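Below sits a lone chain in structure tokens, taken as the form predicted on its own.
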Amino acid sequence: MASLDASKLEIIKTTSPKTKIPNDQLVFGKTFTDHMLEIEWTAEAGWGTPKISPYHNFSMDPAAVVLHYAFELFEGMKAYKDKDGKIRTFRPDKNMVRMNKSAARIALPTFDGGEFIKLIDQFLLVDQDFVPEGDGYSLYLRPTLIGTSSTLAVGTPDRALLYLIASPVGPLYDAKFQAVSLEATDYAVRAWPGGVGDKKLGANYAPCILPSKQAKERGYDQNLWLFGEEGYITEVGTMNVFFAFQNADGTKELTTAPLDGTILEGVTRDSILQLCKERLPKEWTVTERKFTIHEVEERAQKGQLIEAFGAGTAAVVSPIKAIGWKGKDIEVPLSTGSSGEVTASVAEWIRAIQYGDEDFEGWSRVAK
């Protein structure tokens, strides 16, 4: 069967270009670029010819397995315009590894991630005028893989479609650092051992919407997902989560939940761990361990809770100001007024790499 081959790319450019939207009018995920990338796969022939063509609707059989059995996965990536006008992506190799893990888990075809990155580069060069300029602004990329076999039988799909669409976006929140309040959620579960919480499947997201609505009705911005009778902290909303603690001996700890199969292997999460291990002062330790809402509550009561933040592609880092738990709020310090000091540092470290102001471990790739 044919493997994915970027050298076979065909490009058909639009004859009706869209009007570019000013930065101050961008709404996350609401408008899209002129083009999209598509590659069809069949069990008989393998990967077909990659095509970049004008953005369009799909025509799909009502029996397509994606519509009935959730054969769907995606990635969240961003492209940035640096001060020289070059278009950059941030650690796309990590997204390709995770995307293939997701595909394998739900019996969809895997592909050569390096070849797909080359195709993303070409897509970005075609639609480069849609990459907005300025800190906090980027082109959100949504690579997606769906099963398209037309059958109501439950089984391995024999047809699939890998595609990419893109949306110009600004900061996820109106303010650069808009601290959020969380409701510690133990009445609904995001993921469980042996499940697919560590994969980026569409099926993981829809069940979280109702608890999110319920939290908002009670005055909170997002859910802090707990697991088990112990109240283990796992994730926040659709992001990984970090907590910083002061220890009795004067040392400090930045920690996040370990990758135990229930935690999404976030690219931003991994980046924060690496950067903090290298750059935080020597009194800090950076760990991946299990911890509970009870520990957070106790640390806060003792004045040992320093700060907390969510981490993900969309917001990069999102400061946390309060956690609702058992009828009262656990207050989270915001030492700079809008966030904690580590949160602010992490945001700047990652921003500098994403926009090409700093080179670090080859994490920023220039499209060419």
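Start at 1 with the first residue shown and count on from there. Because the structure is a prediction, the values reported are computed rather than measured.
Another form exists, predicted together with a further copy of the same chain; not displayed. Remarks below refer to it.
Contact here is defined as any heavy atom lying within 4.5 Å of a further copy of the same chain in the predicted bound form, and by that definition each of M36, L67 and P211 is a contact residue. Shown alone here, G195 lies within 4.5 Å of a further copy of the same chain in the predicted bound form, counting heavy atoms only. The closest non-hydrogen atom of G202 lies within 4.5 Å of a further copy of the same chain in the predicted bound form. Put simply, D112 is far from a further copy of the same chain in the predicted bound form: not one heavy atom of it is within 4.5 Å. Taking non-hydrogen atoms only, F227 approaches a further copy of the same chain to within 4.5 angstroms in the predicted bound form. Stretch 72-80 is the answer when you ask which of 131-139, 288-296, 72-80, 263-271 has residues with heavy atoms within 4.5 Å of a further copy of the same chain in the predicted bound form.
For the candidate set V97, L259, L125, A188, a heavy atom within 4.5 Å of a further copy of the same chain in the predicted bound form is found for exactly one residue, namely A188. Of the residues given (I233, L275, A160, I106), I106 alone sits with a heavy atom within 4.5 Å of a further copy of the same chain in the predicted bound form.
Although a further copy of the same chain is not shown here, in the predicted bound form the stretch 42-63 places heavy atoms of Y55, H56, N57, F58, S59, M60, D61, P62, A63 within 4.5 Å of it, in sequence order.
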